[in-house]
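One chain comes next, on its own, written as structure tokens: the form predicted alone.
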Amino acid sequence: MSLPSSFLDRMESDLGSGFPAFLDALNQPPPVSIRRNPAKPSIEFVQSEPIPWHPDGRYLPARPSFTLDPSFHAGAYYVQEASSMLLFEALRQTVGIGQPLRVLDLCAAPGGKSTLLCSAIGEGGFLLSNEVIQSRIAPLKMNLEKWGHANISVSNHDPQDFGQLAGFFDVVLVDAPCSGEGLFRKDEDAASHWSEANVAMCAARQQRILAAAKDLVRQDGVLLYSTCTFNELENEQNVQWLVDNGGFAHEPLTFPEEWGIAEQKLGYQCFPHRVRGEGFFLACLRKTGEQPIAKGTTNPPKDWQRLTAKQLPSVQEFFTQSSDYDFFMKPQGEVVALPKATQEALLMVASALRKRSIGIEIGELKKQDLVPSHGLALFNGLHADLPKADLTKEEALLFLKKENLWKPDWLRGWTLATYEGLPLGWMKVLYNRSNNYLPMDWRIRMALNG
């Protein structure tokens, strides 16, 4: 691998006697790791090994074809770099796991850390997953829909647009766009685009994001700052800026020595020669200064209408606990379910941000019948007695290529296509055929023998 000389000079100066091992690690194949979804049926991988800092993280001995695994499409696991899962341990030590927290993932796409956060806070918490780049919203929403939780909202805003939500969040994660030094062995393009000027540009952009993020954390709340790079300019200097200007104190963490995580002056660094993973920097900061109260309303959007008593039964039959939700119809006929437990937070976000989606988008009503959405098929709260078509792996892959399947013993009507207990999507089973309702954007495009 060809690396910039100025980058190598800096790393040699920083690492000293560890530099040869660092270089050797960059010439090794990157480890393969996944994180299982605890809300879905457990998937076991042969010869997998646990990742010590996440209970659902696993190292795989080799990289399989995830595209040709129906469980992946069903959201049974997320393919995530192991070092970045350290976020779970940071949450455990600072705010606790399973708490009903309000959390913002400010730079969220493609969604790996958002799915981790969502599982860590549990259904009683609320997650707002934001991405500023419009083209990255669709894959972000896809990954969150696969995860199947109701307590997530997605927004498409610049960090500076969040002013009305000042002091609203218990935890804010800024996984900042960076120079990507920690991903050089996974992405050679990152190395070819690296320069000292780009590092300086990234550091300035990160500080701009942090300047907006710092005001969104409630008093005594936590800001988590992470990058996939090694240099002090993007990492510790930005943390120092927050301490000096944002009303934060650095929050120390404790890791077992055998994990190999290097403690820095103001954060923690994963190096590929010390950790079985890529380069990753993480710092935790506790809000010490006072924050204003967020502004907004908890009223539903004015153009939403509650479903009538006549409309409700055809929607409620899809839910295990329909009494836990309020159901609304949007102006174009889409039906949305808002979980009562997090409705106040959802509606505050809806009133503060224009480009956002809240609640479970569950389909459209045609007269009194619901045409269910794909996201509803993947939702963890589906009624267990809905009609199902249990598919073999070969059949499941054909379904995921959007081919129409049919068997004479399948019940007519809306039917869940499932694989090993995992819903994949909807079929409308008719007398002698079925229609596959998998969205075109979700279909497998590669050859099944590829």
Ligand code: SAM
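Keep in mind that what you see is a predicted model, and the values were worked out from it rather than measured. So that there is no doubt, residue numbering starts at 1 and follows the sequence shown.
Although it is not shown, the form predicted in complex with the ligand is what the next lines describe.
Residues placing heavy atoms within 4.5 Å of the ligand in the model of the complex fall in a single listed stretch, namely 204-212, out of 238-246, 354-362, 324-332, 204-212. Put simply, residue 261 is far from the ligand in the model of the complex: not one heavy atom of it is within 4.5 Å. Interface residue remark: residue 95 is not counted as part of the site for the ligand in the model of the complex, having no heavy atom within 4.5 Å. Using a 4.5 Å cutoff between non-hydrogen atoms, residue 232 does not count as a contact of the ligand in the model of the complex.
Although the partner is absent here, residue 148 is not a contact residue: none of its heavy atoms lies within 4.5 angstroms of the ligand in the model of the complex.
Of the residues 336, 107, 275, 76, just one reaches the ligand in the model of the complex with a heavy atom at 4.5 Å or closer; this is 107. Checking 81, 175, 89, 170 against the ligand in the model of the complex, a heavy atom within 4.5 Å turns up for just one residue: 175. Contact residues in stretch 127-146 (any heavy atom within 4.5 Å of the ligand, taken in the model of the complex) are 131, 132, 133, 136.
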